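Following this are structure 1 and structure 2, which are two forms of one protein chain, each written alone as structure tokens.
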Structure 1
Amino acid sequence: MIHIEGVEFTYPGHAFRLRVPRMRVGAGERVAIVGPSGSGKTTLLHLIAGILVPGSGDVSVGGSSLPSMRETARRAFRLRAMGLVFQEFELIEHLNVLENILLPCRISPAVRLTPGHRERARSLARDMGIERELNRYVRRLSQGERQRVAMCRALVLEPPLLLCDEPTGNLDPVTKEHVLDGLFAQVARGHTTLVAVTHDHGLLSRFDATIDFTALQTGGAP
């Protein structure tokens, strides 16, 4: 599913440098990425998503090389093949919860919104414990509720790849377990590949594999 080879990336004008000699994630695998804050884990997710492009090397998802695509093609590929849950959430404040969950159905030219999508959105909200909030504007939600909206939105089109950056960072312990149960049930049902950055080592037993980001950059991880 994901093949990274010889990738190097720097931000213009900054000393930060990311280097990933090699990384492989198989289709349907659930992989956690751990490592120190500021080491570049979020940058790695952005490279896998095609939001950023490496200065050298290749990032391939499902056999498609992202650096070889134009920006518009990467965006279309991302909408079609990936669900993204990043720390900023990027919800639309003037829309309600249901409309935010259904947003990928409206912005992807390859998707026509159907009653089936609405039913899936409601089912996801139920699994994530926010079914009573569907008609509320997201600006009135707590951080934990907003995070769950973002997770539902990422899953609504049943993408083959789900990328998550600290997916439970704003959740209390009880809600965290409930949301994780829903997330992993959806991933298993859709045979979805999951790559998640986390600082919560208590979650690692739920994943098939854990990648130490520090070791990855020195060639010591797959």
Structure 2
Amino acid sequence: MIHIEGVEFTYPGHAFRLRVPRMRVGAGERVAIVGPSGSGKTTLLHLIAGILVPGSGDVSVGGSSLPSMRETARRAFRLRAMGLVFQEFELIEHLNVLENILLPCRISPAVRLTPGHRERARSLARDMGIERELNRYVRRLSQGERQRVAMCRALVLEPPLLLCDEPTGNLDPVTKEHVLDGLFAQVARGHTTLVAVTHDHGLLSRFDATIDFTALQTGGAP
């Protein structure tokens, strides 16, 4: 599903340098990436998503090379092929829960909002236990509810790949378990490939594989 080969990336004007000689994630796999803070895990997720483009090397998702795509095509590809869950949720304050979940259906000509999407959004909200909150503004929700809204938004277009950045970083232990139960149930149902960056070693048992980010950078990981 994901092939990374010889990727190097630097932020302009920064000394930080990310180097990933090789990384493979198979379709339907659930992979956790662990590593110290500031080591570049989020940057790697952004490279996989095509939000960032490497200075050299190749990142391909589902056989499509992201660096060789034009910006517009890469955005359209990302919208159709990937769901993203951000560490800070990044929900839109002036939209209610349902509108936030359906946001990916409104922001690009690559996707048309259909009644099927609406039904999918309601179904996801039901599965995640937030169906009663659909008409509420997100600022009125708890952290756990917001995280679930962010996950529903990432899954609404049924992407084959789900990228999560610290999906439980802001949650208390009880909420965390509820959220993860919902997330893994959806992933299993859709045979979705899951790549999650996490600090929480307690979560690792839920994943098929764990990538040590430090080892990954030295070529010691798959």
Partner chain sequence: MRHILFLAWRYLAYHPVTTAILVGAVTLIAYLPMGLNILIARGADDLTSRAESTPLILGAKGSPLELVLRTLYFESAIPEGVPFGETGRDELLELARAVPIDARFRTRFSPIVGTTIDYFEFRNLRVASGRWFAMLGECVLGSEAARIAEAGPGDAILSASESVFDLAGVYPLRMRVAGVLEPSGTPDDRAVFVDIKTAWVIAGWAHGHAPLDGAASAETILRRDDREITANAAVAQYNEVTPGNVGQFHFHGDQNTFPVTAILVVPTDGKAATILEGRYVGADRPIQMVRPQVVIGELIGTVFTVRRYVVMALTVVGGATGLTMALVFALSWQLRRREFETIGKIGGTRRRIGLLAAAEILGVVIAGAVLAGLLVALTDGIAGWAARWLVRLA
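Structure 1's sequence is the ruler for residue numbers, which start at 1. C-alpha atoms forming the largest set that superposes within 1.5 Å between two forms make up the rigid core. Bear in mind the structure is a predicted one, so any value in this text is a computation, not a measurement.
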Q) Of structures 1 and 2, which is the form predicted in complex with its partner chain? A) 2
Q) Once the rigid core is matched, what's the CA displacement of Gly129 between structure 1 and structure 2 in angstrom? A) 2.9
